[in-house]
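One chain follows as structure tokens, the form predicted on its own.
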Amino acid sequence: MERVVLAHPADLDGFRQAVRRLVARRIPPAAVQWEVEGEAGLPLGEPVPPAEAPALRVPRRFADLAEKVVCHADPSRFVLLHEALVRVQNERHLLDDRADPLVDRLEAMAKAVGRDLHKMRAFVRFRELEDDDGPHFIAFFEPAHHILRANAGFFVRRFASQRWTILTPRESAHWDGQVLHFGPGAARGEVPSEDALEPLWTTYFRAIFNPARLKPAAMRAEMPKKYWANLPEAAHIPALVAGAPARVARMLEAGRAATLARLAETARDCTLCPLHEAATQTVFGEGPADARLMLVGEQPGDQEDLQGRPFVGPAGQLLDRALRAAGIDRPQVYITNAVKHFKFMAIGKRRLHQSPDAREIETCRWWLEQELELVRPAVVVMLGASAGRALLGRAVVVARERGRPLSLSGGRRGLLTVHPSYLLRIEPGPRAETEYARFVRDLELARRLTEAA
């Protein structure tokens, strides 16, 4: 029996070096015993590197798979990867066959590790201690798999200027502001029960809890109860859930009584999602409160963010021209966006648009629903996939569903078309002219539907 000792439970580099030697010597996976230093009675110490062996040719997909699988808690993970590596030398498309039991098992393991990585990033909560060198932030987390090292880089990038320690039962990570190092595991009791900022955080959590979007089953799936012990806000969840129906009733009553102006004023202070942190301001909808036609775009752009009005930049100018061509008077139309804050990536002085994700669209949907409730348009034109998702509650393919009437809640008619920014990305020429004419025809159909309603 060949014995391989790795430096730590997720030692991908050690596995790579060892498995090259094993394959070169034609040692079968069943004849290898994989162990980790410090476990199973093995002494701690510097691992002896295996002899050099030629690199193996493997698909990139195998390398990505191995990066996650080595983090899995299953003790057989290294044997399974070794077996897959041997097979992939002769079966180049092995990983494409999900019906293969080995491939299916490895993919399931990688998926489980991916979920665990995400949960750790979402549910680690630091508490502040003070020592001779100043503030020191400590957190305890119980991952299902050996993911601490794989996730440590994320926390270094996110909290580069702070000293922090993440403790897990298996090992710990320590960042002193310059160097990251790992040590033995620890118990939950080694983390302080709370710090001075905890009441502020729980107050914030209660404030952003949206009872209108409460889905207990989905919440339990996203935030399993096994993580609640490490979450200071978790103690407030049962009361928030119990009080959700009454809060929803109050929100709906207030929404019906509000005016658009007061709703827009309230939205200026919206902090329901992180997009408000970088944006200049909330960009609310504008137009008559009794508009029969509503246009819903994706989100504000750079100029909209600076001016605080929807569709005033290049896409808005193209939209104005198309509306005129379709016989629609913009001042008679209520125009808004599915998401009210500008999402972007800063590159130098430029702010490059980034599309909002499903969670951001869903979080901002409450504002859009209030606009629909107050304006009560007969027809709603959805400009692009993000607007379609917000209004239809599902992912949409614009090319498949555009240009035909759709049913929306409240008995409204809907019409899906492209966002004007799509037309701006087309090179000038015959195709651009064709696509613009098609966009105008969609708007003409919206006008006719409005007139017939």
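The first residue of the shown sequence is 1; numbering continues from there. Keep in mind the model is a prediction, meaning the values are calculated, not measured.
Unshown form predicted in complex with a small molecule; subsequent notes refer to it.
**Student:** Answer with yes or no whether residue 310 is in contact with the small molecule in the predicted bound form, where contact means some heavy atom within 4.5 Å.
**Tutor:** Residue 310: yes, in contact with the small molecule in the predicted bound form.
**Student:** Mark residue 315 yes when one of its heavy atoms lies within 4.5 Å of a heavy atom of the small molecule in the predicted bound form, and no otherwise.
**Tutor:** It does: once the small molecule is placed as it appears in the predicted bound form, residue 315 has a heavy atom within 4.5 Å of it.
**Student:** Residue 297 near the small molecule in the predicted bound form, any heavy atom under 4.5 Å?
**Tutor:** It does: once the small molecule is placed as it appears in the predicted bound form, residue 297 has a heavy atom within 4.5 Å of it.
**Student:** Residue-level contact is defined here as any heavy atom of the residue lying within 4.5 Å of the small molecule in the predicted bound form; does residue 419 satisfy this criterion?
**Tutor:** Yes, residue 419 lies within 4.5 Å of the small molecule in the predicted bound form.
**Student:** Only one of these stretches, 265-273, 146-154, 365-373, 301-309, has heavy atoms within 4.5 Å of the small molecule in the predicted bound form; which one is it?
**Tutor:** Stretch 301-309 is the one.
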